[in-house]
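Just one chain follows, in the form predicted on its own, and it is written as structure tokens.
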Amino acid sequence: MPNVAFVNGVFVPLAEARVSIEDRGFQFGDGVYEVIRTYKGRPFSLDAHLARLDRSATALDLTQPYSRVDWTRHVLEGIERAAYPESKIYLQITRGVAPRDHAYADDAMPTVVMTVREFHPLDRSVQATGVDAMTTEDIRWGRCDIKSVNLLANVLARQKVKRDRVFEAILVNAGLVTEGAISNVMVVQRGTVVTAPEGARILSGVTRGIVLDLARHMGFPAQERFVSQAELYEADEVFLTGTTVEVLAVVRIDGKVIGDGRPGLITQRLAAGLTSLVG
């Protein structure tokens, strides 16, 4: 089964896909992206991902070359061509090819890329035991709500994670928790689910929104506000949300045990709720 690429309207094997070295995505990180996963071979929350792709492109004055109907057709065809049991779909729009100059032409022609690769979900034993995390300074730019391909700060944070052999980096800005390098972060305080509010300081994840809705539906109060690093350590429960991590308990942060060191009841209930929703 092949990894599949889609470049400017044409499907090719991923190994044969090419874009110009003059592409502004390569030269400047001038582009936006989305990551979508499948459940039972079907893309999950595709419309929400495409809506966020639209918002990101609009925020950067990028031309969106496809309607959501077109994107849906291309995504479904890519999944069918790859024919994996489960797939991870990556969509990217850059401002396109131009001589290297910081300023761009108003009529720039975007470059569109999609890849479809096999997706291997986290082993359920990881969800059952929870993971370790570390905190690190949030050094990202001022518009984290745009899903930009400019990910150098996230790269550096994830390299620290790899070096320290933990699962995720939790980003802290001026003493306040923003999100994870590849996830959103939620804490439970006395039965209330708390997470950073939408706005320029976080990328509001699709799974984040679904989990907040689940929490409220299950009767758990939910607040969108920043928590301090001290509150993070003292939380009853901490968990991550994201397309690839789903709902994942954090049981130690910077070596400090969270709660009783096991996934908490609310985390477990929300994880089970998401599993039921996608099943």
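Start at 1 and count along the sequence shown; that's the residue number. Note that the coordinates shown come from a computational prediction; the quantities given were computed from them, not determined experimentally.
FYI, the form predicted together with a small molecule isn't displayed, but the following is about it.
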Here the chain appears without its partner; judged in the predicted complex, the stretch of 90-98, 155-163, 198-206, 115-123 with heavy atoms within 4.5 Å of the small molecule is 198-206
Could you check which residue among A133, V177, A181, V188 gets a heavy atom within 4.5 Å of the small molecule in the predicted complex? A181
The small molecule contact at T243 in the predicted complex, heavy atom, 4.5 Å: yes
Applying a 4.5 Å heavy atom distance criterion, does Y33 contact the small molecule in the predicted complex? yes
Is there any non-hydrogen atom of R252 lying within 4.5 Å of the small molecule in the predicted complex? no
